[in-house]
Ligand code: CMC
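One chain is shown next in structure tokens, namely the form predicted on its own.
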């Protein structure tokens, strides 16, 4: 009995493969190392969408179409932004996305790609008492997301964010992707399916994990002793955020991809010193975990360097899961379309272990 569906194959997919033993991530025939920092997010969106939409344009045209979708989403949600800003940043984004049409076409898909990139900066600005910035449909996706956040976007920061979106675009049948496929299997529209993914992503065991990494780093810096702080957390049964993964038994390849991006931002003294400190914490954590849990291989996962990268490009930690959703939306949509094409409803069986009724003779 696999209560967590461990080792249960629930779908055949052409989209991504997670090799937990070898530490490799393959996305539609390409290794993560081929894509991260080399392909733009719009190119990877097209890679994932290929074969699932009949009217899929080329890379340049798709980038323009995503830009137009950002403007359309902004116009749709603008009257509601003040109300959405009263919620926490993730719930506000999710509620804003819930009003989008629930179709299955490319236009529906691009609105769902655009929505997290539009809603997150707008809600953050409103929370700071500032006016939301209208999207620029001619800008690249990551650069416009940062421009809508801060008013400007340096090429270096835009490239770093773009690399992040590529790195997290898809990752096998993780919890949020599986939730997306379950809803898509009912032949519900893309918005309904992606809302299911958003619900699953919010949890601290999934996409809600990067934010606490920053809190951990700040607490360790204040304590002045990484090893003592980490050992105390483990002694009290607490998880060390940014370490361990359900599938990987070696280092998460996404951690290395994002670490390389953060290093490229190292020309900024603040980013450089933060990275140097984080690397010391990372090594201390690996040492402590190896001693405390010798029977398990607990390695650095994607959340550790996600936190550093998103902090460096200007997002507060409460918005980290939103940005994760902005990258993962492409994978969710592709999986939803792949599942819809099977025409098969996902309906697993359970095993009843409760009390039985008295049988009347």
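Numbering follows the first chain given and starts at 1. Because the structure is predicted, anything quoted here is derived from the model rather than measured.
Not on display, but discussed next: the form predicted together with carboxymethyl coenzyme *A (CMC).
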Is residue 26 close to carboxymethyl coenzyme *A (CMC) in the predicted complex, meaning a heavy atom pair under 4.5 Å apart or at it? no
Taking heavy atoms and a 4.5 Å cut-off, does residue 205 contact carboxymethyl coenzyme *A (CMC) in the predicted complex? yes
Using the partner position in the predicted complex, report whether residue 43 sits within 4.5 Å of carboxymethyl coenzyme *A (CMC), counting heavy atoms only. no
Distance check, residue 261 to carboxymethyl coenzyme *A (CMC) in the predicted complex, heavy atom within 4.5 Å: no
The chain here is shown without carboxymethyl coenzyme *A (CMC). Which stretch in 53-61, 298-306, 34-42, 314-322 comes within 4.5 angstroms of it in the predicted complex, by heavy atom distance? 298-306
Here the chain is shown alone; which of 96, 242, 211, 121 has a heavy atom within 4.5 Å of carboxymethyl coenzyme *A (CMC) in the predicted complex? 242
Residue within 4.5 Å of carboxymethyl coenzyme *A (CMC) in the predicted complex by heavy atom, from 246, 290, 78, 251, is 246
